[in-house]
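This document starts with one chain, in the form predicted on its own, laid out as structure tokens.
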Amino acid sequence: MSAEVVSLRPRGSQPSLAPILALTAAGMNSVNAVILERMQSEIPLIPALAGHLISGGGKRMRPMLTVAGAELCGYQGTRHHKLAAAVEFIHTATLLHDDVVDGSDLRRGKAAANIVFGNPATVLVGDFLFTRSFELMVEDGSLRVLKILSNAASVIAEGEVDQLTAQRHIETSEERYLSIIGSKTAALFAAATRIAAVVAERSEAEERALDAYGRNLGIAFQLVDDAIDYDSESQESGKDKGDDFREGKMTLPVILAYARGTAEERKFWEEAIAGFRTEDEDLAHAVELINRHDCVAATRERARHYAQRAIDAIAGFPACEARSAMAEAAEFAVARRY
């Protein structure tokens, strides 16, 4: 699979999610119906809390990749609708747990669920959504799908724990950072895309190609997310500006700024990541240092590398609307500002 994917967009135009949104619209309507049905419970708090996050917007990229992958594979059935819903439930559960761990105030531009409903309820409803996801997998009946998605859930949990242990450790390397985001973000992107090939009964090589597409797209997506934390206002990103900075997370912009900095600048980063420099003026100084050393631009450049790897991964599939839309989605992941 070494053919080159050539963009069909007019030269100079900005990449957009519009093609993949159009491609997956009908399928995502079915997926959303499953999500709405399976988030219900006789315990009123469960749908209220789950709905607070699920109805709060978001791109739904992961289930959309399952639907798009099925289109790319020419799948005509409906099994992937429940599986895409399972993917979204896994993602939503991890977001709920993340907000408790991070003590987040905002999620997708509004109060995080833990702020509205409290930490215990948020954790337990996250657990409920995990169980719903596994119910959907079992209903599908494919042990291969179950293995792929259950492994992804395990890897995500490992990645989150690894990120927690790396927090406030200034010596965190770029290699470890990439390992963390490869687990906590890219693993679900990869699994979401790969299962489309499984339900379509495509070859092992095509499974691996879709896995590679999702994995590289997920890394690119997270790299840009981490750049945005030092490059945009909270109303654009849907979270408080500087969350990562105040939480002492060693994301790539910080890793690069520390590596490129003077002795004085490195001392600032050591104090900031340790939690001693977290005021607004400290955040402003951090942004100034990151800009001084072009760390946001460098992070986006690395994201472009992974996005191109994602595009290359699906180059062996026949040229079609789905391949073009998925390629443009990878380009969009890097170009986005929110």
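All residue numbers are counted from 1 along the displayed sequence. It should be emphasised that the depicted structure is a prediction, and the values quoted were computed from it without experimental measurement.
The form predicted together with a further copy of the same chain exists for this protein as well; it is not shown, and the discussion that follows is about that form.
Q) Only one of 293-301, 280-288, 44-52, 66-74 gets a heavy atom within 4.5 Å of a further copy of the same chain in the predicted complex; which is it? A) It is the stretch 44-52.
Q) Of these, 259, 111, 205, 143, which has a heavy atom no more than 4.5 Å from a further copy of the same chain in the predicted complex? A) It is 143 that has a heavy atom within 4.5 Å of the partner.
Q | a further copy of the same chain: the contacting residue among 225, 162, 265, 243 in the predicted complex [heavy atom, 4.5 Å] | A | The option sitting close enough to the partner is 162.
Q) Is it true that 121, 132 and 151 each have at least one non-hydrogen atom within 4.5 Å of a further copy of the same chain in the predicted complex? A) The answer is yes; 121, 132 and 151 each reach a further copy of the same chain.
Q) Is there a heavy atom of residue 177 lying 4.5 Å or less from a heavy atom of a further copy of the same chain in the predicted complex? A) Looking in the predicted complex, residue contacts with a further copy of the same chain do not include residue 177, since no heavy atom lies within 4.5 Å.
Q.
Is it the case that residue 230, even though its partner is missing from this view, gets within 4.5 Å of a further copy of the same chain in the predicted complex, heavy atoms only?
A. No, residue 230 stays farther than 4.5 Å from a further copy of the same chain in the predicted complex.
Q.
Using a 4.5 angstroms cut-off on non-hydrogen atoms, would residue 105 count as touching a further copy of the same chain in the predicted complex?
A. Looking in the predicted complex, residue contacts with a further copy of the same chain do not include residue 105, since no heavy atom lies within 4.5 Å.
(Q) Can you work out whether residue 249 and a further copy of the same chain are in contact in the predicted complex, taking contact to mean some heavy atom pair no more than 4.5 Å apart? (A) Output for residue 249 is no: heavy atoms all beyond 4.5 Å of a further copy of the same chain.
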